[in-house]
Ligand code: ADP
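The chain that follows stands alone, in the form predicted on its own, written as structure tokens.
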Amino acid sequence: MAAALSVETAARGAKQPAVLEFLKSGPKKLLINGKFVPAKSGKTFESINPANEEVLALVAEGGKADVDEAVKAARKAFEEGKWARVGPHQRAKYLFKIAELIDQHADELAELESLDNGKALTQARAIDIPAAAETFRYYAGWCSKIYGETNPSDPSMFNYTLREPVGVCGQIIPWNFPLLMASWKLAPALACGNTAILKPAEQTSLTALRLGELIVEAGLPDGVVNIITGFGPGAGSAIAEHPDIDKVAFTGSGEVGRLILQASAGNLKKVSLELGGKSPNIIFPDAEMEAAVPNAMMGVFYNSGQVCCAGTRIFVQRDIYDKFVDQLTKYTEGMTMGDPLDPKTKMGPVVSKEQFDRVNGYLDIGKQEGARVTTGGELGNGKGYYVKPTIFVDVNNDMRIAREEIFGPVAAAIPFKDENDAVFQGNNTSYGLAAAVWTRDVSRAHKVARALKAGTVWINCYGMIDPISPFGGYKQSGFGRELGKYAIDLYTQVKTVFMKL
């Protein structure tokens, strides 16, 4: 009875009976070889609701021994199990089925995501969950379109290529978009015929595990998708180092990305990394302010600023700097922060105590560096990891709040002189994930977009992502491109065949 009362308290406000049923069903287990099993160590850890700091569930703490079992299952499924004999049309049916099940359980998944991550329920339901289903649906279409080619080689030879799956893939995802990031990793890997070991972030394991249940329901053969919950040191490191994993895909911090790259040297496994960002959002005087101001606001504060491509450096031409900052401040002051399950809420808490303390530290750093706060700059009141949306002005591009990824609701408004200065300052960062340009001048828009060193550039919009288009970074924002046809390159390898005629 005490456990049930704890769940009711932690999930206060939840309206989906399936969510409470899932949370009350006991400690969450690992998915290995088609079965949900406890960690071999017997250890568990707590999944915390960041809105009220209560324990939502206990989750199995996987480690090296569990990863070993998952890799064995994935290897068997890939080499000799049913998956090895599944043709592309049947793979497509599996992916379509997963997408269909996500759609059917969308309300439940959105609520579970909101409880576990702290994001506004309205945003999870409108964006995260439909986009996850759409990603599986998009890659279902690719299953039958992964071609080799014939090459005009020597006339005495028949020369052709085969595009084959890489094999067993380790996939480590972050906590900011838990279900969506799982779909970005799993969908293309499965479409190409690979098997997977997915490790969700320890802060947000619940929707990945619920997805695991839906994958089992969809009928995928045992061992094709395995889910290992746990911590970076332990589960994550075991995946990165494992000699029988052929490829690792990681989304997260640059610090961990470097560790994964080092660990991959053991068997020279393929690696793709989508790391951090400090994206410039450049506002020229001829921008349509009615769109630029609210988009700049959401470009920073959406998902409590916990977005790798957030436009946290807002560059505004000096002629309009004061006016723009004043409008941005007024818009931000009208942003509703509160209970993520409340339909009126636009911004919930940050994901964890660790992130809460990190962001608070940067609020102090910004003030110490001489930047001025026009709104926010402080923590929320009461329980929950709430940080008020904050705008720093009088910022220069050398300050730490302009150079380091805060991953919280903190904007730095920086003036620039002219187009060349905007490009120079925008590119003056170790990151290169995304950027945006606001102008009515079509020539300038394309010219600046070409000059910015970023994997995605938005013109007169912000944050648009579609599974049809590649996403990834320049410089220390990582390498490899997820989404679109480019993800097929991440999860296949090319074989050349010569046949003597």
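On a predicted model such as this, the values are computed, not experimentally measured, just so you know. Note that residue numbering begins at 1 and tracks the sequence as displayed.
One more form of this protein exists, namely the form predicted together with adenosine-5'-diphosphate; it is left out here, but the text below deals with it.
With respect to adenosine-5'-diphosphate in the predicted bound form, the three residues Pro200, Gly232 and Phe250 uniformly fall within 4.5 angstroms at the level of their nearest heavy atom. Though the partner is left out of this view, Tyr362 does not reach within 4.5 Å of adenosine-5'-diphosphate in the predicted bound form, counting heavy atoms only. Residue contact check for Met157: none of its heavy atoms lie within 4.5 Å of adenosine-5'-diphosphate in the predicted bound form. Using a 4.5 Å cutoff between non-hydrogen atoms, Ile260 counts as a contact of adenosine-5'-diphosphate in the predicted bound form. Though the partner is left out of this view, Val256 does reach within 4.5 Å of adenosine-5'-diphosphate in the predicted bound form, counting heavy atoms only. With adenosine-5'-diphosphate left out of view, the stretch that reaches within 4.5 Å of it through heavy atoms in the predicted bound form is, among 99-107, 234-242, 367-375, 329-337, 234-242. None of Tyr386, Trp142, Phe284, Trp175 but one reaches within 4.5 angstroms of adenosine-5'-diphosphate in the predicted bound form through a heavy atom, and that residue is Trp175.
Counting a residue when any of its non-hydrogen atoms is within 4.5 Å of adenosine-5'-diphosphate in the predicted bound form, there are no hits in 52-89.
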